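Below you will find one chain, with nothing else, as structure tokens; this is the form predicted alone, and questions on how it binds or moves follow later.
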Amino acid sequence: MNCAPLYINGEFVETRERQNVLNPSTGKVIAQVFLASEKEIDLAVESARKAFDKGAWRGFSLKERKAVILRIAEGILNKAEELARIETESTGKPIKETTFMDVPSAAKTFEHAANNLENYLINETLAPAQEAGAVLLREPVGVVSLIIPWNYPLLIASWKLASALAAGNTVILKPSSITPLTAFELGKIIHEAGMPPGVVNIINASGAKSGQILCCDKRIDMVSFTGSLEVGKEILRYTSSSVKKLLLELGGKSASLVFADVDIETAVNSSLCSVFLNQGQMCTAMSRILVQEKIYDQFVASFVSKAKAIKLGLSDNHETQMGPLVTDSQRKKIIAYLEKAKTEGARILCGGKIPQDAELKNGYFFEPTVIGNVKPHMHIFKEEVFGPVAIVGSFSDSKEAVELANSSDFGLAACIWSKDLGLAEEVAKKINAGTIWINTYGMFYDQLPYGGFKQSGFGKELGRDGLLEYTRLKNIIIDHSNEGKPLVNYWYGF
């Protein structure tokens, strides 16, 4: 059976321990990945440190850096079909999504970072006073730990890698041990692109074993993490021991506000996508759909009818609209949330069960689920379920809509559906979330920053702001006093 090696200091490394990778559609083992011990983790950190301090990468010009990153983008496109297949087999997301969304978007992220790094990394020359000048330098932070979740393993790895490398850093990439395969395929592409040894290191290890090392080690200057709130809090605690820079994206409980003037069919179809794409395993899933009272019954009837019609199937089938959840434990977590919601008075309008289709019996499938009669105090209204579960509630006016949208500890994203763009823009200003979509969902652009507020974390991915997260700003002040004698020279009167 194929076993993916680690990638450390420009070499593919095999270890004693191995880990199985399962296909969520079938529950069968599809590959193995070598596991890093503390020895290999330490080697990866040391390799990244040496590559940054003494390696060739630091001396690359921006044009040379750009050329390597563009070759990575080209390599992704050259292996697009293979990457899409591997991502589908290991995550369970439908092949249509990996083929047309994840893989091309990953390549475009590297392309954008490469083509814009010279514009983003501009040093500034200032004259703050008559006798002084200053130069503001954008420098790489240094060695960066990139810790990736299981729901978008290739795409989020690309988001972080593209910005970190464009800024000139060296990295240790740690994918989720549930879905590590495309990260190691990306390592092959990076190797073939001519990246100097030690600049990119990719390890596979349990979070418990590697997390503390990758967050506490003084040789590491920054941690960029996307994942759960619980793990994010642990990372905050770990990084406090060495006071390093931190970027956190910790999920959400996003609200979609549907006003009465919308075209209902458009709003329903779009809302289905906003919560059931990738089986609802998205940080930006619009899991709280709030509809203005005037059209609530009509919206719910259509939404439930279409949710029931979503085609579940094996993820490699091009006709499949929704695949399995990533693990059986994730499915059990969702069932537990639904049971608690029912005891609190919520009502399941459709779904809420494991499908009985014989073809799906070995996978981790779960029906698209719609819940009504949910109140703001309920756990399922406030907490991230991370599965194909949509809450449909109502509001009377824009004031109540904003109050309900903001009644969450998270602040990642939101949607607003209305033909009145003036109203929509005013509502958007009042919603406490980092990304607001008006009359659309999920439009990510490499030019625009992405990141949340409150318990959703801090820092940005993508765009100029996302790339600059991986830099530090140095201020060099130059005295231009007459005859080279500044005021400080006379302070003691000598």
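None of these values were measured; they are calculated from a predicted model. Numbers for residues come from their place in the sequence shown, where the first is 1.
From this point on, the text means the form predicted in complex with a small molecule, which you will not see here.
Contact check at 4.5 Å (heavy atoms) against the small molecule in the predicted bound form: none of 270, 304 and 368 pass.
Among heavy atoms of residue 185, none comes within 4.5 Å of the small molecule in the predicted bound form. For the chain shown alone, residue 450 is a contact residue for the small molecule in the predicted bound form, at least one non-hydrogen atom being within 4.5 angstroms.
In the predicted bound form, at least one heavy atom of residue 176 sits within 4.5 Å of a heavy atom of the small molecule. Under a 4.5 angstroms non-hydrogen atom cutoff, the small molecule in the predicted bound form lacks residue 74 among its neighbouring residues. Residue in contact with the small molecule in the predicted bound form (any heavy atom within 4.5 Å), chosen from 337, 381, 364, 150: 150. Checking 211, 352, 387, 411 for any heavy atom within 4.5 Å of the small molecule in the predicted bound form turns up a single hit: 211.
This chain is displayed without the small molecule, yet in the predicted bound form the stretch 244-252 from 244-252, 109-117, 392-400, 418-426 comes within 4.5 Å of it by heavy atoms.
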